[in-house]
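Shown next as structure tokens: one chain only, the form predicted alone.
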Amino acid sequence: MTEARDTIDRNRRAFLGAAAGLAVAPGVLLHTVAGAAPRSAPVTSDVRWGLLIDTAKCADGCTACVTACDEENGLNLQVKPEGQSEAKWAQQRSVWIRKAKLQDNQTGRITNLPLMCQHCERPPCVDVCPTGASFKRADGIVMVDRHTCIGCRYCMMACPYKARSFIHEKVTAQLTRAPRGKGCVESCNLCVHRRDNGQESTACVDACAREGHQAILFGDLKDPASHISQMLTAIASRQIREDLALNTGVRYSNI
């Protein structure tokens, strides 16, 4: 009896392990988060998540952070509609991080930087949203509720960073950890599924570290003992469009 039970248990574990990569509904893939525990307490304002990006370490031509973001959130599953031109697809394809290249007109210095949702303390996208679909969590993460988004795209017009994308086509493949749907707006959410499952980093940070650049740092901006807070104290950093006084959660050094 014991041997039979052990065999059943092994088979059951093997089945559950295989199910992690199966489609649980048309176009929806189930993924598990290894070594993570789901959030058991409400989100609070005791923390504020953010990024510090050292542009001096951001390598020209490297797109590791972009690729990692795509894979983490299922953006790599997007398929160009049949008959659509490459130019139009490039404009309509959802992108949560893009590499921007800046040149100083006086010195000619070139600066590369990843640009994503800046997770403003006072987000213009939230101010203009007529349904409340654009909102800021207590921990500072700016998000979009796809269930209440009506696709008006006011938030896209209000965002000074052009950080949001609109889903023009029916979504035929997606991840359960990052649900997507036609007619909705989306943008970087600091890998919120990781935040809610006890993980300590983001996909872009991990990818940048694997490449050996260490250009992106993630952490709690409110914790004076966190690495990101200590670095912000030790080095000069800037916000993109400081003139707007949005108190962004993403800061840049060497820019």
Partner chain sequence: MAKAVVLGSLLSVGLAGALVALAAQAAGGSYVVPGSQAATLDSCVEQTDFMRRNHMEVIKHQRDETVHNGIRSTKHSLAGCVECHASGDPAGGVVPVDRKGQFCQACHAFAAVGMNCFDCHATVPSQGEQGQGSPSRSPLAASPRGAGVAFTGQRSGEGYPQ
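Bear in mind that the values here come from a model prediction, so they are computed numbers and not experimental data. Residue numbers count along the first chain shown, from 1.
Below, we turn to the form predicted in complex with the partner chain, even though it does not appear here.
For residue 154, no non-hydrogen atom is located within 4.5 Å of the partner chain in the model of the complex, even though that partner is not displayed. Although the partner is absent from this view, residue 38 contacts the partner chain in the model of the complex, with a non-hydrogen atom inside 4.5 angstroms.
The partner chain in the model of the complex comes within 4.5 Å of a heavy atom belonging to residue 135. Although the partner is absent here, residue 111 is not a contact residue: none of its heavy atoms lies within 4.5 angstroms of the partner chain in the model of the complex. Using a 4.5 Å cut-off to the partner chain in the model of the complex, each of 42, 179 and 192 places a heavy atom inside that distance. Only one listed stretch (82-90, 155-163, 139-147, 99-107) carries heavy atoms within 4.5 Å of the partner chain in the model of the complex, and that stretch is 139-147. Interface residue among 199, 226, 63, 55 relative to the partner chain in the model of the complex, by the heavy atom within 4.5 Å criterion: 199. Only one of the listed residues (75, 175, 129, 116) places a non-hydrogen atom within 4.5 angstroms of the partner chain in the model of the complex, and that residue is 175. Contacts between stretch 45-64 and the partner chain, counted in the model of the complex as any heavy atom lying within 4.5 Å, involve no residue at all.
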